[in-house]
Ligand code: GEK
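Shown below, as structure tokens, is a lone chain in the form predicted on its own; questions about how it binds or moves come after it.
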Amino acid sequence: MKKDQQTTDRLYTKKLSSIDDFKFDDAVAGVFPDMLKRSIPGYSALINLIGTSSRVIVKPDSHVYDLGCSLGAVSSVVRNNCAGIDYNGIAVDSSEAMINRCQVLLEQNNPELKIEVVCDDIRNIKIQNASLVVLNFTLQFIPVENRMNLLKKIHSGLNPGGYFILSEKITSENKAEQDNIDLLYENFKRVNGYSELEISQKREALENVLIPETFSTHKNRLAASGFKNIQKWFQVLNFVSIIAQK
């Protein structure tokens, strides 16, 4: 079966005279599921893992925050796995294009299980009474100088024993390791149908927007924010997910 051309990521197929910084606009929102599938190795498996794990993490009468929710994949999978738990789901994204599509998708899938959808900067959101907070490939788009304060706020708003899931693209502290990962990751994108031009132009668009850090930097910041039991629980190539507890 051929892919629907309207939902296939073709944003960088043509040579651009100038490349603007990457934005989560209508064009990106329209092809985002395809972009994620072809750009983040193991993404679907990670989403499923978050969903099944939420069954033992999410508590009744608590809040679950999906920060930087994009199209609501985390909110949806948690809701589907916790249908028998009376919790409050809150999905937040600063992109109006993403939020509009997220609202439609959530209403199409189990509309009787309500999730509050909020268009705002996640740094403005008050976290409270939370049993689970998820920041899935979002912190990397937050200015580095604001990251610690955000994590401290999340930690403060979690209930004792609550969980925080942080997924990020990471860099290596070792140049040889980083070069090898870059080689393998670019091959992953080629195998998924991206051309050399697309890979190059998207890399340039993200250069000043997505600022990755090392795993040790993330772990140390989480510890400094008060989290405990900090574990790398998922990794494919240079994409890592960390689970921590208050």
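A quick note: this is a predicted structure, and the numbers were derived from the prediction, not measured. Throughout, we count residues from 1 along the sequence that is shown.
What comes next is about the form predicted together with this ligand, which does not appear here.
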Point to revise | Non-hydrogen atom contact residue 87 with this ligand in the model of the complex at 4.5 angstroms | key: no
Review point. Would residue 73 count as a contact of this ligand in the model of the complex, using a 4.5 angstroms cut-off between non-hydrogen atoms?
Key: yes
Review point. Is there a non-hydrogen atom of residue 121 within 4.5 angstroms of a non-hydrogen atom of this ligand in the model of the complex?
Key: yes
Point to revise | residue 227, heavy atom within 4.5 angstroms of this ligand in the model of the complex | key: no
Review point. Are all three residues 32, 94 and 98 in contact with this ligand in the model of the complex, where contact means a non-hydrogen atom within 4.5 Å?
Key: yes
Review point. Can you pick the stretch from 140-148, 79-87, 170-178, 156-164 whose heavy atoms fall within 4.5 Å of this ligand in the model of the complex?
Key: 140-148
Revision key, fill the gap. With the partner omitted here, the residue among 36, 197, 27, 184 that in the model of the complex has a heavy atom within 4.5 Å of this ligand is 36
Review point. Of 25-50, which residues get within 4.5 Å of this ligand in the model of the complex if you count heavy atoms?
Key: 32, 36, 40, 43, 47
